[in-house]
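Let's start with one chain on its own, the form predicted on its own, as structure tokens.
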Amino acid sequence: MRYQLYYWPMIQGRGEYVRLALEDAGADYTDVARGKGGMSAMMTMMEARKGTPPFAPPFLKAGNLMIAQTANILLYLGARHGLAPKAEAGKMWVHQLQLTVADFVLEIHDTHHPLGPSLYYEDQKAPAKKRTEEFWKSRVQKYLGYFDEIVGANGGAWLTGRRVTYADLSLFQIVEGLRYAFPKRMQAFEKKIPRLTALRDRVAERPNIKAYLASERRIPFNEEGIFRRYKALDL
């Protein structure tokens, strides 16, 4: 099956978690909006009100299926490409972990846009600074400490033990993104999550991921996505 991924063509954003899974699986896919006429096609699909239209990207067309929401897409791909356990309990556990990642992604975004996405960062610098301080004081340790402990508790290289899952790939993106957005803070913090940073390194060395990261398909981090580098927030 040739998948069609629909996401904004200029940022990694939430679509990157899907791209990482597709790339690791060696799946045949098209990043539609990055091609000619792709943005128009994506907007047309979102404006539809019949059938099962997606609310917002990312969404994935797989045969006759149209699947939206990052965690929902990954639940589908994980079962079909060996990136999730086969047992129902295991599938739900990895899905649960991915939903927790989604919660954390929202908190990361809110460090630079605490008053909402309709305002520019420049319109909310003071609230962003306050939100970022609270984020690094309590939220980062709460989330990343949790994931670090899960890796250790399962006694393997990955969250569930011996086999990689899409949730591991997503945590790679979290660590990479925080390193980009908060290089100073992250450098000081990483000693607290050694198992998670080691997991990040293992993902980076997976052949398909390594090739993807070196290719033009990997959109560079920038100040339009979820992870944004503002010096005033990285003190």
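All figures in this text were calculated on a predicted structure; none of them were measured in a lab. Position 1 is the first residue in the sequence shown; the rest follow in order.
Keep in mind that the form predicted together with another copy of the chain is missing from the display, and what follows is about it.
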{"query": "I108, heavy atom within 4.5 angstroms of another copy of the chain in the predicted complex", "finding": "no"}
{"query": "Contact flag, R80 vs another copy of the chain in the predicted complex, heavy atom cut 4.5 Å", "finding": "yes"}
{"query": "Close approach of A41 to another copy of the chain in the predicted complex, 4.5 Å, heavy atom", "finding": "no"}
{"query": "Contact test in the predicted complex: E122 vs another copy of the chain, heavy atoms, 4.5 Å", "finding": "no"}
{"query": "Contact stretch among 200-208, 24-32, 58-66, 173-181 - heavy atom within 4.5 Å of another copy of the chain in the predicted complex", "finding": "58-66"}
{"query": "Triplet P53, W93 and H113 all within 4.5 Å of another copy of the chain in the predicted complex via a heavy atom", "finding": "yes"}
{"query": "Another copy of the chain in the predicted complex - contacting residues of 139-161, heavy atom within 4.5 Å", "finding": "R139, K142, Y143, Y146, E149, I150, A153"}
